[in-house]
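This document starts with two versions of one protein chain, written out as structure tokens and named structure 1 and structure 2.
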Structure 1
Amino acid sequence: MSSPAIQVTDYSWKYLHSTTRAIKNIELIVQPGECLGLIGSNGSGKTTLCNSIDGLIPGQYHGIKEGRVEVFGTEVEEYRRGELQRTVGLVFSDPEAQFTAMTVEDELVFGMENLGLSISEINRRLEWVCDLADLSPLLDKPPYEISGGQKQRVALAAMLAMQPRVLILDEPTAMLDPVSRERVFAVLARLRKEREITMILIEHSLEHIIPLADRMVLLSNGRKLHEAPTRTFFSDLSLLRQEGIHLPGAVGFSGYLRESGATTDEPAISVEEAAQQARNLRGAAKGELS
């Protein structure tokens, strides 16, 4: 059997000067082509876990690591310099942390040049991501002199252009307007259909992860508190509420119907499904009356 895309085994990490471990004995497997939604409150360890898969930890940070973090069967620390970063693309929530170039165009091209792509391939992908993230009018601008959401779109586009096998998105759309946000998630969904890409998606807005994620993991205080296929994940909302997670309207409403005993259906996780549940109940009520 081929190895998982990501396999994390009894993994703990303590930043050098902190007293507690940021990640505590985590076990996690993500299969090639799978999309994992990762949620949890601030400080729960999401970013630390992702940085560990990209090799930034322990590469760029000092601390104590225990256990193993493997990408396609190889421990991240055993990859040759630069090799892991070709496989795993990481988009940060702070786009400026990623910028190095003087213009938006150079920012988009830089990573592709590093991959040694041909000029024609670079141009093809440049056109693709510009179209996708609506960046054409901004190409000549310095990446610092554009709006917050535009910066975030540049950061995301630069990573997508490199087409990594594993894509880790750490709150990639927090600054996007609702429509641009929908568009990014539509692109990610299309990407998943078109080729095998393994994804880890972190967002506080569950509404956007749900349609994409095959499976969800809840982190709390460095530990894995809950893991399940996306729909099943919402069977019991008490844990999520206790962790202060904001539930999307449809999930919250379906939760109300289920908890009040009105329905025994599975949890609804989209507007359409929740609307259907409501309709079925009213239909049933009318049926009883007549």
Structure 2
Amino acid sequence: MSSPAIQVTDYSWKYLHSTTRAIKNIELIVQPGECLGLIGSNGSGKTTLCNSIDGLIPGQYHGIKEGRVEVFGTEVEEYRRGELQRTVGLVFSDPEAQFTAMTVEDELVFGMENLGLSISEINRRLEWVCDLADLSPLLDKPPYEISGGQKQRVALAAMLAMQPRVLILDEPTAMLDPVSRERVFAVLARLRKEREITMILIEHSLEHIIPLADRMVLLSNGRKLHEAPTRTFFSDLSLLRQEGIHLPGAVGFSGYLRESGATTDEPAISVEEAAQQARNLRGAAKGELS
């Protein structure tokens, strides 16, 4: 049996000079090809956990580590310098933090050149990511002068061009307008259809996570409070409300129907499913009246 893509075992982390642990006794397994939605309020430990998987912790931060964080069976601290970053790609909420080149094309090619890929392979991957993220019209433009949504698609495409086995996205649409947000998530949806890639997605916009995620995890104050397959995750909404999680309208509506006893159907996680529940109730009510 193959190793999990990610295995976190009794993991805790405390930053230097902090009085409390940012992550506390986390247990987590992510299988190859799985998409995990990671949610929680600000300060819950989401970014710390993801930085630990990418090796930024403890690589670039000082602190106290307990437990293990393994990527494809190897503890992150046992990877040779730079090797883990070829396996795990991290996309931040601020795309400009990742830019190093003067044109979009150079930005997309930069990482591939560092991997030592052949010109033919670079051209093949460049064509693929340009098609995936609709970037061909932008190749000659400076990445700092394009729109916010375009910048995020460039940052995402530049990471995908290196074809990491694990992709971590830390609030990739936090700074985007609704239209740009839709385009970024359309890229991720297409990626999931075309490639088997393990993905961890941090995002406050649950309506965009839900269609992508196989499983959801809720963090609070550095601890894992709840973990379940995506539909089951929304069976009981009281904990999510208590943690201040903003629920999509369809999920909240379906939860209200279940909590009021109006339906025993499984949780609806899309507008279409919630609408069908409403139609079923209306049909049942008409039947009772007749």
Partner chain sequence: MSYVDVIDLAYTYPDGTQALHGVTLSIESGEMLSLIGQNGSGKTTLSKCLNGLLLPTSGNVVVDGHDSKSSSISDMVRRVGYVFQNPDHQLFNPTCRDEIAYGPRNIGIREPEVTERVEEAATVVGLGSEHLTEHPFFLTKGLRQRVAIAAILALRPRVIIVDEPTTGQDARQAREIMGFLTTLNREHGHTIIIITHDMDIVAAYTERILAMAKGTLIADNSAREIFSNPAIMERASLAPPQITRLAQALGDMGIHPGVLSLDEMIAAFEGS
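All values reported here derive from a predicted model rather than from experimental measurement. Sequence positions of structure 1, starting at 1, serve as the residue numbers. In this text, the rigid core denotes the largest set of C-alpha atoms whose superposition between the two forms falls within 1.5 Å.
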Form predicted on its own, given as structure number: 2
Given that the chain moves as two rigid parts between structures 1 and 2, is it the case that Ala250 and Leu167 are assigned to one and the same part? yes
Whole degrees only: how far is the smaller rigid part turned between structures 1 and 2? 11
With both forms fitted on the core, how large is the C-alpha shift of Val184 between structures 1 and 2 in Å? 2.4
